[in-house]
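The form predicted on its own is given below as one chain in structure tokens.
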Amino acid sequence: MAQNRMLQFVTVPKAMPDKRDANVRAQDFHEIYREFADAKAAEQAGRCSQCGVPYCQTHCPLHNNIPDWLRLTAEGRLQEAYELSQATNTFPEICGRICPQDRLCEGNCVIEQSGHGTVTIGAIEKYITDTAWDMGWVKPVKPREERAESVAIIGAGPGGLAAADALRRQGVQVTVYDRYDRAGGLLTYGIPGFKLEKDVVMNRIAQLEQGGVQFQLNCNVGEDIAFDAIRGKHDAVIIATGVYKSRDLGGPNAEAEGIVRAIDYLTASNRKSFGDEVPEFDSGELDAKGKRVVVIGGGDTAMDCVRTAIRQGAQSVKCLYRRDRANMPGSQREVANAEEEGVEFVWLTAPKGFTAGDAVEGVLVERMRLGAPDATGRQAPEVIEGADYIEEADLVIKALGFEPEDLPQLWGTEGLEVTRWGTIKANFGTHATSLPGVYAVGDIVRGASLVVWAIRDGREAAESVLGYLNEVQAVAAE
């Protein structure tokens, strides 16, 4: 019976949930994909080939049991599908929305490789978990037994929250410290609502609070509380700060008014969606309305910026990237969405400076070509001499990626080792740092990476912390 519901990829074509019309969705910050209906989700899940070696699972950082929860969805056993999905992924409704499935599970689907079109794994994952929330299947954590030990987590982004969830399930007392006034990190303030509506994140944080996770918000470690004080109050610490230091641009007039950081621009926009007072936005400094906007960069953050600018009513939006479309790091699905909404991509271009009067007036652009492969195997961009031009702009957004802050210096702590890139040096298996009882996860270890990797790190670090607490307890009992 179960097998008859599967292997439908030969007769059933790939279908994504309907997208809202580009002209309509560009007017608001609501998510652009509609929900699958029950029958459609079951039909698309039934396209899975149930292959013997599931490359979708192998290429998922969390190794989600994708074929099994697709089968359960095809059979209409949605609560079981949710429970299986939740067993390996702390936030499946978030990953279903923002993971670059085209580079991970879906991009490695066996039927995709055979030319039948991938199973729409991300959309089905989102559907399963949204249904679970609607049906009341998502419950606060209730550990079987409470433990006396407490763990501090510094950073309320996906890595820290995943660790908090895993530790609370084992009865550990958890306090999360975060510099912002809301938990969620980049899930809350970095990713726009059209990719991840904020009630999705807030619901998950509320579930953690109801399960006993304590949040100390508006708390800047190193200023409001010392790192050593946190170590003294808790039995173990997990550092999950992420990376927030923006890479910068040089050249003439690089400090001109109207040249802004992507993180500032996106945070202001997301705060407005919460109804906050945002003076920088209200003054027009971080509002794209009526402006000629140029975004510099080719990653997912750049895609978030260009699509946000469209929704704010920009006169025009252009994205400059130094390589071509095939070599850009951002999701191809996001590029297509941006183009539908009116964004113009200017490939093989890079800034060398800016023109400015009282504020920025344009970007000095160098045209590029792709030369020989570099150490990473990607073709290196080379400047085409004499092909420079000026791209007019009233607002320039720098989306060049993020680097780690110097945490040992900011926190005034000795012995916390960092790599030559400034990331925290941690064991990739245990996530242990050079300080006993201190662990580190996510982007502060990996550099700027994906949410799904941070979730994996957080879950793994929680296991290591439990092992450490058990060892300490055993020694104390001797």
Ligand SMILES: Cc1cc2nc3c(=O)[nH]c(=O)nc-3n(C[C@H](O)[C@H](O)[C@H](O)COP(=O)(O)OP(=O)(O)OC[C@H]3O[C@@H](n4cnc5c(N)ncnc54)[C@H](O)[C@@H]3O)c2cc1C
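Start at 1 and count along the sequence shown; that's the residue number. Keep in mind it's a predicted model, so treat the numbers as computed, not measured.
Absent from the display: the form predicted together with this ligand. The rest refers to it.
Note on the partner interface in the predicted bound form: the residue among F194, F345, F402, F281 having a heavy atom within 4.5 angstroms of this ligand is F402. Residue-level contacts in the predicted bound form: of I111, C219, V335, A132, one residue has a heavy atom within 4.5 Å of this ligand, and it is C219. Remark: all three candidate residues (P158, L186 and Y244) come within 4.5 Å of this ligand in the predicted bound form, counting heavy atoms only. None of 442-450, 419-427, 28-36, 43-51 except one has non-hydrogen atoms within 4.5 angstroms of this ligand in the predicted bound form; the exception is 442-450. Of the heavy atoms in G362, none are within 4.5 Å of this ligand in the predicted bound form. In the predicted bound form, this ligand lies farther than 4.5 Å from every heavy atom of Y265.
When this ligand is considered in the predicted bound form, T349 lies well away from it, no heavy atom lying within 4.5 Å. A461 falls outside the set of residues with a heavy atom inside 4.5 Å of this ligand in the predicted bound form. Residues D300, T301, D304 are the members of 275-304 with a non-hydrogen atom no more than 4.5 angstroms from this ligand in the predicted bound form.
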